[in-house]
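This document opens with one chain alone, in structure tokens, the form predicted on its own.
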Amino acid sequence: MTTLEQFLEEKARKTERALEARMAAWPNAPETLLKAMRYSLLAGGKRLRPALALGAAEIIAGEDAPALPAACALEMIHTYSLIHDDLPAMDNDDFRRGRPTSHKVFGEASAILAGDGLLTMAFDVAAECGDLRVVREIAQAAGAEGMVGGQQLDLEAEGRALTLDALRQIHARKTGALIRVSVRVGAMIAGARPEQLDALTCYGEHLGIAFQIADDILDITGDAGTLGKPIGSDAVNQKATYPALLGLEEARALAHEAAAAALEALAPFGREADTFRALARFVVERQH
């Protein structure tokens, strides 16, 4: 097992335990709602956003515990977005992480409410950090000018020819905003100096670009069994993607360019950021 694999596994385990504890703290919610929330939230996955928040805190302060509430909040928001993205009114996907999507198991209405519950609960958990800046940063990244706004632009772009700049704007919001803020809040909670926060913010921005391009490529070249969801859905839904606009090879080159920029952003840091360096390389080389 590589150092990066150990890092991701450790952060995922830590996040899973914390998520379990926080779900157990809401015993009075309707049983069906809790089951639907847990079904998606505890279904595994890369836990990339929590790993980024915890890893950034570790780079700055040498420990990640203070960033754990923010890490949980970010994963709740990410999970809610997946539940809603999978709905028939959005991407209409039947499988996620190798099993039926929430609306296929619990029905559309309960899936919507499970997403609503996770989103709302996320801010209760984020408030545990005791830092209003963290709550506001997450809200702005997830809201109308961030992830939700990017999803709206993505819907409006279906079947349309876009410029590269317009495509970048969509994905900077839809995917990049939550990745960027994951790094930022972890660093903020750990007491990052302004120049450290700037460097890690730059890293997060470029990592988000690389991640999205790689996702677009995997929707064409990936294996459904490995990915845990069908491939080719972007083409079916006439989604605006980097391969559709640029072709596979140019999209790959752009992903590697973004990863290189993410690595460059880490120049002010020493070996404490080596895991983040490995993560930037992994993001563009991954098969899932």
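Quick note: we count residues from 1 along the sequence shown, nothing fancier. This one's a predicted model, so the numbers in the text were calculated from it and none came from an experiment.
The protein also exists as the form predicted in complex with a further copy of the same chain; that form is not presented, and the subsequent description refers to it.
- Stretch 137-145 is the answer when you ask which of 92-100, 137-145, 205-213, 181-189 has residues with heavy atoms within 4.5 Å of a further copy of the same chain in the model of the complex.
- The partner is absent here; in the model of the complex, the one residue of L87, V105, A166, A172 having a heavy atom within 4.5 Å of a further copy of the same chain is L87.
- Note on the partner interface in the model of the complex: the residue among L245, A65, A29, A253 having a heavy atom within 4.5 angstroms of a further copy of the same chain is A29.
- Interface residue remark: L82 is not counted as part of the site for a further copy of the same chain in the model of the complex, having no heavy atom within 4.5 Å.
- Interface residue remark: T201 is not counted as part of the site for a further copy of the same chain in the model of the complex, having no heavy atom within 4.5 Å.
- When a further copy of the same chain is considered in the model of the complex, L263 lies well away from it, no heavy atom lying within 4.5 Å.
- Of the heavy atoms in L162, none are within 4.5 Å of a further copy of the same chain in the model of the complex.
- Judged against a further copy of the same chain in the model of the complex with a 4.5 angstroms heavy atom cut-off, the residues L119, G130 and E156 are in contact without exception.
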